[in-house]
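Only one chain is included here, represented as structure tokens and corresponding to the form predicted alone.
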Amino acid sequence: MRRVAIPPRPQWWDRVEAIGFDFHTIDNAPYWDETAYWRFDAAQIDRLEDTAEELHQMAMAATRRVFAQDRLSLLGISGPAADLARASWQADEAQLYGRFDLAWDGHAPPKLLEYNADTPTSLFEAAVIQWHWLHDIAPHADQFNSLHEALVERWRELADGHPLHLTCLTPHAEDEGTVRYLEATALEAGLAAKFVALPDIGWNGSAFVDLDDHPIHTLFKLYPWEWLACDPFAPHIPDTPTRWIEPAWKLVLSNKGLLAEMWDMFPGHPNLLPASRDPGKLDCPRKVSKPLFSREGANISIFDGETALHHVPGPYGAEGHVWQEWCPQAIHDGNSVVLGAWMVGDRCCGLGIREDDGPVTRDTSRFVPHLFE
């Protein structure tokens, strides 16, 4: 595993825009970065794949315990959100995808930083954009990337004969880019798929409907369940036949508190970092504080003892925190580097890599392609 600097393709922005990637630059800074790539060997890719699939099974085991022992309140999940999560879990509602964020140096065991299991983005970049880059730059090489085929197959497994609606908040280039890509994979799978902006979803007294007043039978939503559960329309959710993707039980699987649950169930596991809701229980000099519902690095703080070394501002934290041992594997040559191992259903199907000049990966962190030989 090593970072290789290369010149970018001539007129690369025209190339990526031609295949629908129009958010390659954020605030006049590169989001898509092809001035370098990460190189792996086949054994390292196999190791990442095996690690992610094992972590998924462990995360599911921890989720089962949370519901079986009614530990939802420990994860900041209460009231209507807890009711929705319980009902969804009891109904055994199916999931689509997720992304493990891992720290790794290519040698020591990869370490789990968190599981983005409800609203993960950077999917289009991982599945499509870096694949086109590979065929231009190194067609002889390979890439850990069967995401597109896996998503098409998964949509076929989830199909129930009803039309599929897909939604997110607009305007938001990255979120809409992710949802539009998922719409394309659903269409390829043979589903009648249709995008609808979240503010355009209505209520007709008995069902959620789109702008054409068509009932929404199945809805993929790139919108966090903890927000949706607080929406004025949320009380209607239990009374409608709408099927939700992702399901509400992913309030648990995507919760940072699950890191502590997993460490409690699997203490000392080589792919886990010590984690607890009580920082005093972590015997390590550097710790990371993460709000239970934090997204895109917001409100994450890094401490050395009692001294705060770094803090990312944001709107989270009132729901509580989990503390995790800081992982030095996440730092490469002064930059934070996170390996995103993509899950579709229960299988790991791809890899996306994000870099940042600071110690915390954020929504503006650069996406850097990879290959293996």
Partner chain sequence: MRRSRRVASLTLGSASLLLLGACDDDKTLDLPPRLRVYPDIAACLSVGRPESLCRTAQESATRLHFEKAPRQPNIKTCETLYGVGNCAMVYDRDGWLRLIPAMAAFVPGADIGMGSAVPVYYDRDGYARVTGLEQRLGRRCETEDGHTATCQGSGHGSANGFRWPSGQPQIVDTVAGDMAKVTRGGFGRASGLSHMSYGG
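Not measured: the values here are computed from a predicted model. Numbering follows the first chain given and starts at 1.
What comes next is about the form predicted together with its partner chain, which does not appear here.
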item	value
Proximity to its partner chain in the predicted complex, single hit among A159, C284, A87, L169 (heavy atom within 4.5 Å)	L169
Of D142, D83, E93, D264, the one that lies within 4.5 Å of its partner chain in the predicted complex (heavy atoms)	D142
Contact segment among 105-113, 203-211, 271-279, 245-253, judged by heavy atoms lying within 4.5 Å of its partner chain in the predicted complex	203-211
Triplet E54, D333 and V360 all within 4.5 Å of its partner chain in the predicted complex via a heavy atom	no
Contact label in the predicted complex: W155 to its partner chain, heavy atom within 4.5 Å	no
R71 within 4.5 Å of its partner chain in the predicted complex, heavy atoms	no
Contact label in the predicted complex: F100 to its partner chain, heavy atom within 4.5 Å	no
Any non-hydrogen atom of E319 within 4.5 angstroms of its partner chain in the predicted complex	no
Within 4.5 Å of its partner chain in the predicted complex: residues from 220-252 (heavy atom criterion)	L222, Y223, P224, W227, L228, C230, D231, P232, F233, A234, I237, W244
